[in-house]
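Heads up, the chain below is alone and in the form predicted on its own; it's given as structure tokens.
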């Protein structure tokens, strides 16, 4: 059970003060009845606003196809962000909708967005080794020697001391490859290839754990069940 005015504010409908006005004006019903008291404790499933059930009252989990040119940050000074693709109401939710991991501005592909803080912490924990697959095009022909090097778990990136976890490299063409990682270091794919004298020209994440983009267009999202990543 949750306090009605706080529930509306947390779901991004309005501020808590505005929620009181909505309730008093009769915009909100609980089990079909107008509620005068904004502090009433309610079951979110029983609440209707202007004839519509509450918008994902249990939380959001989205699979988004991130386009190149957007950042995964709430800082406006960093430029246009993935959050600008979402409906305004979702951008006002508390807890705030955030990304599970990040893709940099020049990388496209699969990213998860959620307002479930526990899920963010769990899936970004080093203990949770979800494989993530990236497709890269590079500036120079790829050497087959990179395959055992990346798989060895001995590659140490510049300015780091701990080696990268073993990673699977598949060379698709002379200058195109897929790389499967189980960790998420800063700009890891770009830095791994740069350490071997190769520059990444384009980078796209196609898979995150069991999830794939399939035919989802860039800039679009689809909803996922909140239990898509059960605790183990």
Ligand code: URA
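Fair warning: this is a prediction, and the values are worked out from it, not measured in the lab. Numbering follows the first chain given and starts at 1.
Just so you know, the form predicted together with the ligand exists too; it's not on screen, but the next bit is about it.
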The one option of 27, 207, 56, 190 with any heavy atom within 4.5 Å of the ligand in the predicted bound form is 190
Picking from 112, 103, 82, 97, the single residue whose non-hydrogen atoms come within 4.5 angstroms of the ligand in the predicted bound form is 103
The stretch from 168-176, 35-43, 57-65, 181-189 that lies within 4.5 Å of the ligand in the predicted bound form, judged by heavy atoms, is 181-189
Problem - Residue contact check: residue 164 to the ligand in the predicted bound form, 4.5 Å heavy atom - result: no
For residue 150, is any heavy atom within 4.5 Å of the ligand in the predicted bound form, or not?
no
* If you check in the predicted bound form, is residue 203 within 4.5 Å of the ligand, heavy atoms only? -> yes
When the ligand is considered in the predicted bound form, the residues of 19-53 having a heavy atom within 4.5 Å of it are none
